[in-house]
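Single chain ahead, by itself, as structure tokens, in the form predicted on its own.
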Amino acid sequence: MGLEQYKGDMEMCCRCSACKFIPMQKVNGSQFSYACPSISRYNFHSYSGGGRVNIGAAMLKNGFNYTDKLLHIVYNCQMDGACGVSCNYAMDMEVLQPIQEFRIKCVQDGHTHPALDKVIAGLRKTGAMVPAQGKRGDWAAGLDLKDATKEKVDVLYHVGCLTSYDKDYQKLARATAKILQKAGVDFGIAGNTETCCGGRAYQMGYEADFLNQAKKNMAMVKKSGAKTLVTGCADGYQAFKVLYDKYDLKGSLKVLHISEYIDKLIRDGTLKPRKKVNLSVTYHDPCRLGRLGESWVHWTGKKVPGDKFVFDPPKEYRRGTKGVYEPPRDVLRSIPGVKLTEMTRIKEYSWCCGAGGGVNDSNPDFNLWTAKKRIEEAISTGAEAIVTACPWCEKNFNEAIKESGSGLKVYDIVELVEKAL
């Protein structure tokens, strides 16, 4: 692939700054109008989507001159795609893809970030993007779950790194497993054999490590016989559904987020949330479940000669509108006693939790600053709790709340479903 294929897209940028803000039609006031955390924090054009593609175009033309300032710009980006979605509200051009390719090139050329190198070294050693303490499958002790490495299953539950190893978030794995058991789903886990999806390595720019993980995972899926993979991690969801497909590795595997699967089970009557949960909530759309979770669009064609940026056949752009938005909301509405109030920036225009793109490792201060901005927005709704559908979001929000002293509660959607069952 490479940066060169996006030369036309990068040169098309007219510096209109649409990438910095949610569309005007969605703005309710200046406080929650920004789309991109990076430009909002650093307040200089180079930190915006447009600024980054301007730099990419200049580099292709004049050669790659890596400086400390350039690398600060490259690595202080959550890779959350908000810039591209806001741009594509009116424009037809790729924004996130060239930014991703630029980061991949930085890694290939040896211009990495020390903190991210350390994380990737851990991945290569343990198969996890977090410190691997104990065994990966320890969270499932006493649940009597099928071992998908030894017996065939209809559904493979991919737990994810954070939920497997972090003792504060293993509760999400256990809640998910209990919900699936209650619904009578024929599912299994890979346990200690499970390995990272590779999604976060890809965000960081380590394409080769991502591909290595993807191939391991698809071999595991094939061995299990599963036709459907379910995960509760938004990073894992995007990796299996979108990125694996982008690289022609997914095959016919059906990938569902746990919120989609629970929504289906409730609609089928298999699950019936009956217990009242009296709680006023607002819902946070994880970037890689929402705008970056829509299916990859395979396109082959050519640019029509001339000044205009036109393709034959016409190229379909992913604008973030086909992400997973209604299933988690429908699940929340199905729980007796839960009252849902929306924030200003929702669905494809959701503000990032801050953890993406390796920023939580490379710049924890920026990561936490971004999470605090989202907590402020959640508090403005008057809700008692913010609910999300990704363990990384929950972790980030909990840390931001702890530092800010807010009384806002944080839940993953499976926690509320378990309470209602």
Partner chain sequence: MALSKEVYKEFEDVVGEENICDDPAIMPSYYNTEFAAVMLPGNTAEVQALVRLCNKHKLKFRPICTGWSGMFPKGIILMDLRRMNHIIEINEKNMYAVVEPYVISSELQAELMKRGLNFCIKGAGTTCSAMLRGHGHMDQTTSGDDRNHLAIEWVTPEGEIVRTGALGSSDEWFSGDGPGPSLRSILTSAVPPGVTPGVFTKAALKLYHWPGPAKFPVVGHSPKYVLSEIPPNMMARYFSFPSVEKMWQAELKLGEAEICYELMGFNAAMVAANITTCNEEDEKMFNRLNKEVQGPGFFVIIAGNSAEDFTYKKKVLEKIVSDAGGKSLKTVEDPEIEGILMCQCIRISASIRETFRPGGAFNSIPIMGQRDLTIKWAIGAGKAKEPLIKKGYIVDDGGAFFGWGVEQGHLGKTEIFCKFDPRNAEAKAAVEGWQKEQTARAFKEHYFASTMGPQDEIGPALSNYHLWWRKLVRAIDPNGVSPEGGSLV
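Positions refer to the first chain, counted from 1. Just so we're clear, the structure is a prediction, and the values are computed from it rather than from any experiment.
The same protein also has a form predicted together with the partner chain, omitted here; what follows describes it.
Considering the partner chain in the predicted bound form, the lone stretch of 375 to 383, 391 to 399, 352 to 360, 52 to 60 in range is 52 to 60 [heavy atom distance within 4.5 Å].
Although the partner is absent from the chain shown here, none of 151, 387 and 420 has a heavy atom within 4.5 Å of the partner chain in the predicted bound form.
For residue 194, no non-hydrogen atom is located within 4.5 Å of the partner chain in the predicted bound form, even though that partner is not displayed.
In the predicted bound form, the partner chain sits beyond 4.5 Å of every heavy atom of residue 410. Put simply, residue 115 is far from the partner chain in the predicted bound form: not one heavy atom of it is within 4.5 Å. Although the partner is absent here, residue 212 lies well away from the partner chain in the predicted bound form, with no heavy atom inside 4.5 Å. Residues are counted as partner-facing when one of their heavy atoms sits within 4.5 Å of the partner chain in the predicted bound form; in 60 to 97 these are 65, 67, 69, 70, 73, 85, 88, 89, 90, 91, 92, in sequence order.
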